[in-house]
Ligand SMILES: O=C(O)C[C@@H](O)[C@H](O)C(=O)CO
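Here we start with a single chain on its own, the form predicted on its own, put down as structure tokens.
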């Protein structure tokens, strides 16, 4: 019995985005608070598009944890498997600096954060088997016990014929070295049905300085993946199927305010489109249009667009 179109597992934290644009963080005095974290953002984006979504993760037993839980509930996400930490771990904090549309940086506080303390025994097979797809992100693999919890969730999804989507979501600050990233990314990518990431993130997966798409897909198609999406920023994105088809999605023009949030909004809309029976080509365009909308807005989670907004942009720039 499938209850959920999508269940995401992993990081849910706090984004504190600079209210003052075009100035360094040293001079920024005010920040706006949003829910952040790649898997949380993907679930939020997908829920706002009308998919039925659940979430597996760990939040602190404090005001930030309640803010995360309350917001996710408000946008329609099932939070019954959002575990409250009892050991005093805190929410991850991401302070963002918006110097210019092309110069954005994130100052992360990720030491001892609650989401990396999700235990394998807190991942429920009964919950995962209710989903059509499980979305996992790379950050959850950075440390134990979250690492084992993610690996368990992937194994349970495979056992119960739930599609596994791996959003590479590489964030350097929680990893020890590139070798470690490549080891755990490879383990999960090889067991996933769909793998989504930027070209740079696939380089981390393969532990190469400058990889190329042909080699990437040749390697991954020896394993479980059926669909691989490689994003190249303003050049657009490419999707490759195991049957040998290649699709290219164009990037949409946007009045860019900041660069972060694009990947999560892309994944949410891409997966929404596939769930609704759109073609892979159409799904690429939905993803690109959604990303273009979010980079023009101040937040990531709060800015996740509606289907109408995405389709309006696609129509507007269809010529």
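Residue numbers count along the first chain shown, from 1. Since we're looking at a predicted model, the values are computed, not measured.
Separately, the form predicted together with this ligand exists; it is not shown, and the next lines address it.
In the predicted bound form, this ligand stays beyond 4.5 Å of every heavy atom belonging to residue 116. Taking the partner from the other structure, this ligand in the predicted bound form has a heavy atom within 4.5 Å of a heavy atom of residue 260. Shown alone here, residue 94 lies within 4.5 Å of this ligand in the predicted bound form, counting heavy atoms only.
The closest heavy atom approach of residue 57 to this ligand in the predicted bound form falls outside 4.5 Å. Although this ligand is omitted here, in the predicted bound form none of 5, 165 and 192 has a heavy atom within 4.5 Å of it.
For the options 83, 155, 99, 106, the residue carrying a heavy atom within 4.5 angstroms of this ligand in the predicted bound form is 106. Judged by heavy atoms within 4.5 Å of this ligand in the predicted bound form, the contact stretch among the candidates 57 to 65, 44 to 52, 271 to 279, 31 to 39 is 31 to 39. Contact residues in stretch 169 to 203 (any heavy atom within 4.5 Å of this ligand, taken in the predicted bound form) are 171, 173.
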